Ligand code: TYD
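A single chain, nothing else alongside it, follows as structure tokens in the form predicted alone.
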């Protein structure tokens, strides 16, 4: 009588967890709503590797790399004042606007996530950067969405020097890292992270677990070897980077490509940067030879009309370390609705409603029966309070159908009691306006220079909203 052999008890059973794609929280079982962030239908299955399997995989990987997988010294506590540190060495990408957004260049071992709408120019920009850095920084361009012939064809159309640029068409993270160990590149571009997968997980490529684990392995390799890594990320219909939100926490910098539909201008914005200023802005123009830098972006955000138009006011905003001249337009028209519309494009709608209430209470000008539309020209989104005063001046100009005086700029925060508050870096804003030939500036008293002038530009300092309305 034969007895059937029992299954081996040594075979580990895979442990399943359910990870929220919004906040990255783990759950033991699937449920409709995340218990941490209260988001609905965001839990996805995640296969957790056992500790024994993870240790075996790490030992095997160290053996393949020629490393030592022996005993690791326990960590020790160190006083921060005793820690020696040095400035990060940066390498220029050969593209000035990209260097500006990165904080001055690419840092050794940095992991940068680049997101944006399909076709906006993510792959084009990174291929241009890789081609320009290939002479000084050996690079490996990994494509999981295109063939090598398509990548080479794009490089030829753009007229890029492809000497020294190595490419790999692969989606397996293990094979990519094997090639990286063999060729020893100092820069890796993964296009895109949603196409990569790892053999340790059974989930499909693009799932939350695969994106999370693939990115974690590339980040680990970058920190261990000092290799800089660019990750290209897809975006969702809401405009955020697809995959778990923990992906943005894992990387050192998050860059977003923005651009209006049909416009040839592209804006690259840093939303996170561990090695530089956040909200830094880079401006590009798309042409037949790829993305071209725009060294003077203020010129493209200003109107090209020869004479001033009603409902228009120029302000000086600040993106990161760069002051920008931006045109704010307003349209005020009688409303056929019982509840007039308040539409703001490029700024917060609730703030527009608040500013209109201040204009009525402290300026004596009511638009309660009018539709009010406000637009920031050029697709720029102004998130600072320096736009308060220009918005109200543009609204008043449209309401009275009278243009503001020629070559006038304004900036300043408007308080609920009608006071005009100063904004940061007022001197830099005034110098930028004077450089572009503006003759008058209406600014908060706290931002006005003592001489009352910046170059040949007259500076009018105001403390109350009523004073600003009289000044125009």
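Computed from a prediction, not measured in an experiment: that's the story for all the values here. Numbering follows the first chain given and starts at 1.
Below, we turn to the form predicted in complex with thymidine-5'-diphosphate (TYD), even though it does not appear here.
Which of 346-354, 182-190, 285-293, 99-107 sits within 4.5 Å of thymidine-5'-diphosphate (TYD) in the predicted complex, heavy atom basis: Partner-contacting stretch among the options: 285-293.
Among the candidates 90, 154, 223, 362, the residue which, in the predicted complex, approaches thymidine-5'-diphosphate (TYD) to within 4.5 Å (heavy atoms): Partner contact (heavy atom, 4.5 Å) among the options: 154.
The unique member of 397, 143, 124, 298 whose heavy atoms fall within 4.5 Å of thymidine-5'-diphosphate (TYD) in the predicted complex: Selected option: 124.
Non-hydrogen atom contact residue 246 with thymidine-5'-diphosphate (TYD) in the predicted complex at 4.5 angstroms: Output for residue 246 is no: heavy atoms all beyond 4.5 Å of thymidine-5'-diphosphate (TYD).
4.5 Å heavy atom contact, residue 336 to thymidine-5'-diphosphate (TYD) in the predicted complex: Residue 336: no contact with thymidine-5'-diphosphate (TYD) in the predicted complex.
Contact of residue 120 with thymidine-5'-diphosphate (TYD) in the predicted complex (heavy atom, 4.5 Å): Answer yes; at least one heavy atom of residue 120 falls within 4.5 Å of thymidine-5'-diphosphate (TYD) in the predicted complex.
Partner proximity in the predicted complex: residue 158 to thymidine-5'-diphosphate (TYD), non-hydrogen atom cutoff 4.5 Å: Residue 158: yes, in contact with thymidine-5'-diphosphate (TYD) in the predicted complex.
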